[in-house]
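Next up is one chain by itself, shown in C-alpha cells, the form predicted alone.
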C-alpha cells in the first residue's frame, strides 16, 4: 500500500483547541442577497445586444444523420446564426480517457434529446420557430434500451468508443480469502437488488452565456459547478488558447452533481457568440434538464454475504450491472466507486466486486449526490439487516461488532483516519428510543437503521498533474477589510461562508468585513470544483495556509509595536491582544496597517494537494481520500397495509463531519441529504418507454417530496476531529445521504415484515410484497399444523 499504518498521524493538533469563530453559526455572506432576491444567477444576467439560442434535439433514440438543411431557419427574420456538429468536430468529456461527446451530434444521435443543431436569434420565440424550420434527414437505427439488450446485441453499436460491444467499463477486484471466508460462515445470505434511475431536480435549470470580444477573448458565464474543467474543455474543443478563455460562475441554484461537467449549451453559446460577434444565452427548459441530467445510474446488484453466528462478517461478494446511457460522463469512476467505497465502516476479511457499466440509447448517467456508492450501500445495509434478523441480533449491535476502527486501513487499501461511527450509532440509538421501541410498535409502524462512509475529496484531479488541487489568495486592506479570492464553486452548500469563517478565526476580521470572490478563472486561483465532497477539506486547508502566512506577518509587526514577542500575542475578533498584559492591544485595522508598513501590501496565497494514497493495484487510487466521513441513520415509518403507502415520519441523522466549522450549515447539509435519500426511497423514478422516450420529463410527472411529504428530522453532529482536516473538519455534503434509503427499507420490514429490494418503494411495490408474504404464510400454515 502507498501509505503504511505506522506513517499515519499519532497525535491530533486540532483536538482540545478553543475556537473564537469556528463552531459558531454566523450567517452566509450571500445569504441576505438570496432571500431578498438581489442575488444574480446566470439567467439574471442581461448583456447589451444579447441573442437567445435554442438547441434542436433528436426525436429518435438512435439514428444516423444523413442531412441537415438550415436554410429556411436562416431566412427567418431575427435569426443570426445556426451551428451543427460539423462546426465543432472535436470530442469532449470530463475524463480525458473517455472523451466521447460532441457539442452537437456529428454523425448520429444516441438518445432522444441528443443535440443536433443550435439557433441564435433575437429572442427565444424566434429561436423556437427557427428550430421548427430546420430539416433533418434521419436514418433510424435499432436501439438498445437496457444493459441486457446492450450485452445481447453488440452489433448495435451505441458508442463507438466502446472497445467491447457496448461495454462502457468493467472492473473486477478481489481482496482476501473469499472461499475461506464463505467456508467459515455460519450464515450466507444472497439477494438481488434494483436501484432505479433518478435525477437531481435542481431549482435552477442549466444556463450559459457566451461573449466573444474584439480582443479575441471568449467569456462564458455558466451555472456550472466545475468552472476550471469547463475552462479547459472550452479552450480545447474550440481550439482557443487557454489564456483567451474566461469562465465565470455566478451563484448556482442547486446542482447536486448535475452540473459537474461541461454540457452542450456551453459550447453552443461560445461558438454562436464567436460567429455573430454578439453575446448569446441558452437557458435549458425543464424538459432539457431531464434529457441532460447525468443522474443516478440504475443498478442491478446481487450481494452474497457470509457471517459467523456471532454476527462477524466473513466474506462479501458483489456483482453489479448498471445502465450508463449513451455517453461515458464520469462512468469510469462510477464503475470503481460502486465497489471501492463499501469497505468501511465495517471490517471485511474478504471482499470481491464485479462491476459492469453498459452503453444504452438513453441519456447519460453520471454523478448524483453520493456518486456511485449510494446504490451499493442500499443493497448491503439491507442485507446486514437480514443477517441480523436471521441471527436474532440487534441490527445496531451487529454493526458495532464489525466496526473497522480508526487509524487503520480497509481491505482494499483505503486509509482511515478519524472515525466517529460508533458515536453515530450511539447517538441515533439513544435519540430514537431504539432499544425501547424497535420491534414493539403497532403493526404498520417500524424503525430501521443503516450506516455508511464517504470520501472527503478524491485523491487526485480528473486530469493527471502535480499542481495544487485547491488554492486561495487572501488580500488585506489597511481599513481592516479582507478579500478572499478562490476558484471553489459556491452551489448553495456554504463554501463562501466556510472560507469567511476560517479567515475570521485566523485574522480577527468581522464577517461583514470579508468579501469572497469565487469561481472566475481570470481573477481567482484554481480550484477543481464542487464534487466528491472535496471543498471543505481541500479549499479550507488552502485558506488556512494563506491566512496563517498573513497572521505571522501581522503578529511580528504588532510585537514590535507592543514590545513583546509574537508568541505572547493572540488575534481575537476585532483586535490583537497580549496574553501576558491584556492592556496591550491593537485594533484589527491598526494591526493590518502596522503589518503593511513593515512588509508592504498584505496578500498571501495558500494551497492544498493530497499526498499519494490508495492501494498498489490498478484502480487502487480511485476512492482513496485524505479522510472519510461516517454516518448512521434511524428512520421511523408508517406503512398503510391496505393502500401500500409508505410515510417516512422521522429520520434521526448522526454524521461524523470531523469538526463542524459552521454547525447550522452542517445541519442543513445533513437534512438536505436525508431528504434526497428519502425521496429516492419512496418516490423518485426516471423511466423510458419502448422507443427510448422519457416518460414525464417535468416536475409535474417526476415525483419529489413537497414540504408536506418531508419527514421530521433531527441532526446529531458527531465531531471526531480529523488530524489533517481544516480544524479537524471532514465532509458533510454527500455522506449523510447514504443511510437514508436502507434505513427506510429496514424500517418497512420492522413495520410490516416485508423486505423491499427494488426502488422506489411505491404503493404497488409494497402491496405486491405484502400479497407475496400473505401467500407464503397461507402455504406454510397447513405444514405447520401438520407438524403439530
Partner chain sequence: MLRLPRFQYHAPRSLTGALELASRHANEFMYIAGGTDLLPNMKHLLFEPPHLISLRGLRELDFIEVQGGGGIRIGALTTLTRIAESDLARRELPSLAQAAGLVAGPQIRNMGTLGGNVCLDTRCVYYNQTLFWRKALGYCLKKDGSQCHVVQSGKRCVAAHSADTVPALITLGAAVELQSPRGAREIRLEDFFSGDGVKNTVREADEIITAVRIPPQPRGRRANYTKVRIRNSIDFPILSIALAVDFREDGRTCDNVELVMTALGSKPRRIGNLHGVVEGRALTAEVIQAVAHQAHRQAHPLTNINVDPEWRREVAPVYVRRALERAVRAG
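Here the structure is a predicted model, which is why all the values come from computation and not from measurement. Positions refer to the first chain, counted from 1.
Here the subject shifts to the form predicted together with its partner chain, a form of this protein not shown in this document.
- For the candidate spot formed by 26, 415 and 628, no residue has a non-hydrogen atom within 4.5 angstroms of its partner chain in the predicted bound form.
- Exactly one listed residue, out of 50, 59, 45, 39, brings a non-hydrogen atom to within 4.5 Å of its partner chain in the predicted bound form: 59.
- Of the candidates 691, 309, 580, 163, 691 is the one whose heavy atoms come within 4.5 Å of its partner chain in the predicted bound form; the others do not.
- Residue 620 falls outside the set of residues with a heavy atom inside 4.5 Å of its partner chain in the predicted bound form.
- Shown alone here, residue 753 lies farther than 4.5 Å from its partner chain in the predicted bound form, counting heavy atoms only.
- Residue 703 belongs to the set of residues with a heavy atom inside 4.5 Å of its partner chain in the predicted bound form.
- In the predicted bound form, at least one heavy atom of residue 642 sits within 4.5 Å of a heavy atom of its partner chain.
- Between 398-406, 110-118, 241-249, 329-337, the stretch whose residues reach within 4.5 angstroms of its partner chain in the predicted bound form through a non-hydrogen atom is 110-118.
- Of the residues in 109-139, those that come within 4.5 Å of its partner chain in the predicted bound form through at least one heavy atom are, in sequence order, 112, 113, 124, 125, 128, 132.
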